[in-house]
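Given next are two forms of a protein chain, the same chain in both, each as structure tokens and marked structure 1 or structure 2.
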Structure 1
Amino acid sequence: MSKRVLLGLLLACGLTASALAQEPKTGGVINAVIQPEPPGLMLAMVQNGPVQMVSGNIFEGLLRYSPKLEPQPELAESWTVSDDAKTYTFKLKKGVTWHDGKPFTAADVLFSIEMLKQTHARARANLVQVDKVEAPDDYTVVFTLKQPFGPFLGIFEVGSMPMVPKHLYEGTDWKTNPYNNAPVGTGPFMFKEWQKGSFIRMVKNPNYHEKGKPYLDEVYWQVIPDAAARSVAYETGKVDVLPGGSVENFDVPRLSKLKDTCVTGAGWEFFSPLAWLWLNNRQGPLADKRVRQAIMYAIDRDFAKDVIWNGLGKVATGPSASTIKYYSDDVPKYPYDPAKAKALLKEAGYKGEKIRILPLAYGETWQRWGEAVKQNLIDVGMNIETISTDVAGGNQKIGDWDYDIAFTYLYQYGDPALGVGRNYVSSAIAKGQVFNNVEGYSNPEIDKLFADGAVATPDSKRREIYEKAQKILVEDVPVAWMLELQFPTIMRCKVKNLITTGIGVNDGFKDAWLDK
């Protein structure tokens, strides 16, 4: 046997061995932290973060998305788009059953859409361009749009459009339907038990439509309300997974160094949380663009990233996170430059009027960030007063436009038409609501660009429009963009394949397995 053949054989054996080593193993239980405790698990009725995280295992959407946000099959196995980009035809996967054994069909899709239009604010907005939805047969669903809608294929993720069992919800009072507390979906795990205040238990769906999956037997979501106690629970081995945002950021470096601990920042590509300061454009000094620009120059965002967020994340360049479509960094830049900030304030005639700043009541990291920004602004001569509230009080103040500067962070959902425009177009100015255009910025050119961008074809045209919009917005500074946040997921290294898509932990644990 020649040396070359021997080498080839050895290599082949080695490769087989390593492939075998990575072959998913079946069985085992994962304990993950959920914070705060979800108010319910019926994703079509409540959509806050923890609900999505837990229920993403129970419910499914038609599609899921890769880290590059390309659509992938889930309950729909294929899809086609007509040449005029107005008709989308989805072929549903056959042999899918609800957890109670009933088959999943196109009728469920039609029902879910009608229900979500009434109960899910984001789905309602996403579906606004849909003219009609039809089901020519049990496994085909056809969406006809009023006009082409660029991000349409990006709205089918489980949290944005979860499929609901028609046979359990039709004709019932959705608000009080008993299945809200014992949800039935098509997902890889079935709801088993919820001891309020303690844990939520899910067990493997033995009839899951992807053969061999899920690999885990059970998943426990542990409710631990105190951030320090959550860190200890991981340290003492009581939980295996700390999803992003479970612990205070200053604990992340310490926990990351623990034995057999793996950390990943992946799985946030679809959401791309972007933090900024709402600036009330309506009144006082902040109505002047130069004062808003001065704020951008005055704040040391690298300090915030390196010290407050422990080096995690990225300094934002504008209204779009760098992970979403049509992002451009060809925009005016605002480096940390207190001298320039002072000059701009002087030019704008700022005379020390009091400016109220509202930190976000999401825990210690946000409090510290509030203090750092306050100090930055005081350093350039601004008169800053911190207003402390809890989340409810803060939301009310922001919704009522009763603030000057307020911290926030929002998801972007992969496309500027879904998660960016809503914060800058004048049609999204509505008192009493949060997360729309609460800063009161109004620019007809921006309104037109976002209106055109949503329906423009082809893709290159959309890119052109959104690049222009980003330039104008960054020049006008309607809000002060701070950081693209990164919430690292901390877990034992034996937990494999936990995050496989751009939706991360919210996409369910169907690919995850334990290397015991």
Structure 2
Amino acid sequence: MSKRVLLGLLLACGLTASALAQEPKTGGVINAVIQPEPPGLMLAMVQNGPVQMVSGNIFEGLLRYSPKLEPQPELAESWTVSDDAKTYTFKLKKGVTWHDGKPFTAADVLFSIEMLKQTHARARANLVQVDKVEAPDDYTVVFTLKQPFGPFLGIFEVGSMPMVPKHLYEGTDWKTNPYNNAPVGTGPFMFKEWQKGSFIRMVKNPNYHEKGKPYLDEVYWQVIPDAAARSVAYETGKVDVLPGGSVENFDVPRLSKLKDTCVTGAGWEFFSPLAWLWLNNRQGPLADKRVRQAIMYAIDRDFAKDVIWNGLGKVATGPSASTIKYYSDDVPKYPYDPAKAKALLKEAGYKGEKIRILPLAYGETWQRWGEAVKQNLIDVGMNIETISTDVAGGNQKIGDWDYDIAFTYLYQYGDPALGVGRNYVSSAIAKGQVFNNVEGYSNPEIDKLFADGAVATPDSKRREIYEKAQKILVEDVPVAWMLELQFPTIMRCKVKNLITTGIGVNDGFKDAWLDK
């Protein structure tokens, strides 16, 4: 069954050449599922997957990215790079306004960068190589780097560096700003209404800076907590789009066969989602590398892939997904081996101390996975207690380091300098944030390798550095890598051009239209 599903994903029937050639029609409303309900909508403050999916259509970045991860204009209409690769000059698009009518200018870019350095772990890491940012005029922004940084043009996607309205945030307490839950962006859709537990409503931006877009009048993000009810909502016509991950994996094959249904695996190229278990390295049994290695041997990841994820995944070998630059599988291996796990626990002197596990509150698949991992660990003699919470509560616990083991999945962003190092370098240990080095792993050699790898030339040197880093990390097991995830998007075939970039639905409604 999984092979048939993957074949369907490769066909990507929603993106046929004939569909792309059709003249877009204006008007109409699309209902899409959002699962789970976002904990907030301010993309500069919270970067959970559901937040990026909704707010990526409200906010914008300087650039967009094609499925091949080529940079494309967005709020910046053009850019140049100096001969020494240290100066990047962006020309901003004129005539762009925030949803409240105020003009978007270079002052907003400068403010956004300073804010993101404090609120957005990934943006802060991405900007480490920046020496200064200047605005010689209202529509020019110049980034001067300390040294050449190969992936620099890959950091301007809306979820990685969302532009924030300076006039609404400057001089306020960012965490309690009322616009966090009523966001004001420059994007194709404006926030209109959020009925908690029911729906989030976006309406067409009539003053959008790309003439003629968006084509749709409204988008409703339907909040449907029950997994079976989400599938029924699609079957009965209540919703038109099931973004990747919004229905349980065992329902994907059945729903994909419904009449007038199109399926695509496209739209995740920028992300390469990788699931793992945060392991709190700071104290208790998990501070011992042998206990962390035992966890890797104890967990049956093939069972998770084949049974829990219905074949929609691949067993991870380490910190990099196999789809990003400089991946290597020449690393220590951790096959399912309960006997080896027990031996390591005995060697480490584990005495049955209680270990808390925090599942991810993203639906039944994740709950089943939490139960399976708990049983695997109990089977090798570990004393495991499950801590149940919602998404916001889980973020709070992880950010406060109040956990032992916690499920997550993170995006890789095409290059280890952008999406991998942030989870392992000691400079990314910052309490209160949930997508950095929350496990507390610290290794000066790893710090140096990621620092060197980010700026090394040529590419062969970068590969050598990152291959060495992967070997060290897989030996140390700062986190327990589980699966490379696959998330097919299911939609009515009347929905056209929803997936046109490397981030898919996250910025897709700008181009989407209904063939009514």
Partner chain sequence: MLSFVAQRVVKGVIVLLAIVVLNFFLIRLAPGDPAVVMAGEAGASDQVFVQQLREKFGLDKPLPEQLFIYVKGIATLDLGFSFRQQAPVSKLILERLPATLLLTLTAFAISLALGVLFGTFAARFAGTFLDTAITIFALIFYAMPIFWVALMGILLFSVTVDWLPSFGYETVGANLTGLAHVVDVAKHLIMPAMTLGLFFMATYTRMTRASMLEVKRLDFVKTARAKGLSDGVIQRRHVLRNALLPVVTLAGVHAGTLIGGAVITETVFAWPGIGRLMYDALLQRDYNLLLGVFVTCSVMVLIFNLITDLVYRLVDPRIEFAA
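Here the structure is a predicted model, which means the values were calculated and not measured. Reference numbering: structure 1, starting with residue 1. We call the rigid core whatever largest set of C-alpha positions still superposes within 1.5 Å between the two forms.
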task: Please let me know, 1 or 2, which structure is the form predicted together with its partner chain?
output: 1
message: On a rigid core superposition, would Glu445 pass a 2 Å threshold for CA movement between structures 1 and 2?
response: yes
Large Cα shift (2 Å or above) at Gly432 between structures 1 and 2, core-fitted: yes
message: Following rigid core alignment, is the displacement of the Val184 C-alpha between structures 1 and 2 equal to or greater than 2 angstroms?
response: no
task: Please state the CA displacement of Glu371 between structures 1 and 2 in angstrom, with both forms fitted on the core.
output: 9.0
- prompt: With the two forms matched on the core, what distance in Å separates the two CA positions of Arg463 between structures 1 and 2?
  reply: 5.7
query: To one decimal place, what C-alpha displacement in Å is found for Lys325 between structures 1 and 2 with the rigid core superposed?
result: 3.8
